Ligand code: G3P
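Heads up, the chain below is alone and in the form predicted alone; it's given as structure tokens.
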Amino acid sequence: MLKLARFLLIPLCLLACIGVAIALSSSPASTPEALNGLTDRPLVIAHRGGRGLWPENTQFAFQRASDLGVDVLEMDIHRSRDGHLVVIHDRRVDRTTDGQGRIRDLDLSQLQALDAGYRWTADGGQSFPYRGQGIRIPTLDEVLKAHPRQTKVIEIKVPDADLETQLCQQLQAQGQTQRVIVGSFYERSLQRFREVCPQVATSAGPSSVKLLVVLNWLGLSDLLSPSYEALQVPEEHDGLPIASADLIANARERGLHVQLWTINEQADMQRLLAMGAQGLITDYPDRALQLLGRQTALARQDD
């Protein structure tokens, strides 16, 4: 029995030493430049520009959300057949426009001929107030030019070859590398983007989120040295809790800015903010601003 104890003690001591060494050498993330001046209060992040209020991922939505007083605009990008980065969520245009087809099969001229406000409705399809109003699918370049000072979250929606380099070049050309946080559900796209554009902040990819959840569960969050600056997660996924108060606290200890999606009800917003969430990614940014007691620009204009 004594021999067995000694036999087990050696590897356990080695593991403990390795753990201590990793903990001592691990380092937290730094606050991204894109959030400088914004970290003293919970952030209101307009999901796709506020898709519950206006046609999503359009210049109209981004301008209205900006006028409303949101802190961050969130958007998605794909690439057209002729190589332009366009701002749209789905791989196809069918759900949000009067057209049909895959984005990668359509040229920019074809995409921008579509009515991007055609299918938006707030009453279950009884009315479509934005049809025929000239709302179209914008290019990323157009959005960057229209909102040079606004902080933006850009999600890479497809793992197209070298899209990451093209995105980096556009951010550099517009002088907005310090105005953006880039995210994706494709881990390789994020890794590639970090390689070609290290000056731009990123959020955790799926594998990084899983690792953080496991480390948190094991009580080993201090071992994490994040290669990203923001943690953008849902409260739960497939019925499994993700954003617990414990995980949020530990993520913040590692220097991460914790932003939860997609939070649309004020009761949930209040509860998650009380748990330590630092940002709310929401389809209804007006509700979040109201909850936080922040008067909106649109409200002042209407007075």
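Residue numbers here begin at 1 and follow the sequence given. Note that the structure is predicted; figures quoted are calculated from it, not measured.
The discussion below concerns the form predicted together with the named molecule, not included here.
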Every residue in R79, H84 and D160 with a non-hydrogen atom within 4.5 Å of the named molecule in the model of the complex? no
Sole residue of T96, T151, S189, Q232 within 4.5 Å of the named molecule in the model of the complex, by heavy atom: Q232
Interface check vs the named molecule in the model of the complex: of R136, R119, R194, H89, the one with a heavy atom inside 4.5 Å is H89
Though only this chain appears here, would F185 touch the named molecule in the model of the complex if you measure heavy atom gaps against 4.5 Å? yes
Taking heavy atoms only, is F60 within 4.5 angstroms of the named molecule in the model of the complex? no
Using heavy atoms and a 4.5 Å limit, would one call I281 a contact residue for the named molecule in the model of the complex? yes
Is H47 close to the named molecule in the model of the complex, meaning a heavy atom pair under 4.5 Å apart or at it? yes
Okay, which stretch from 97 to 105, 210 to 218, 152 to 160, 110 to 118 lines the named molecule in the model of the complex, with non-hydrogen atoms inside 4.5 Å? 152 to 160
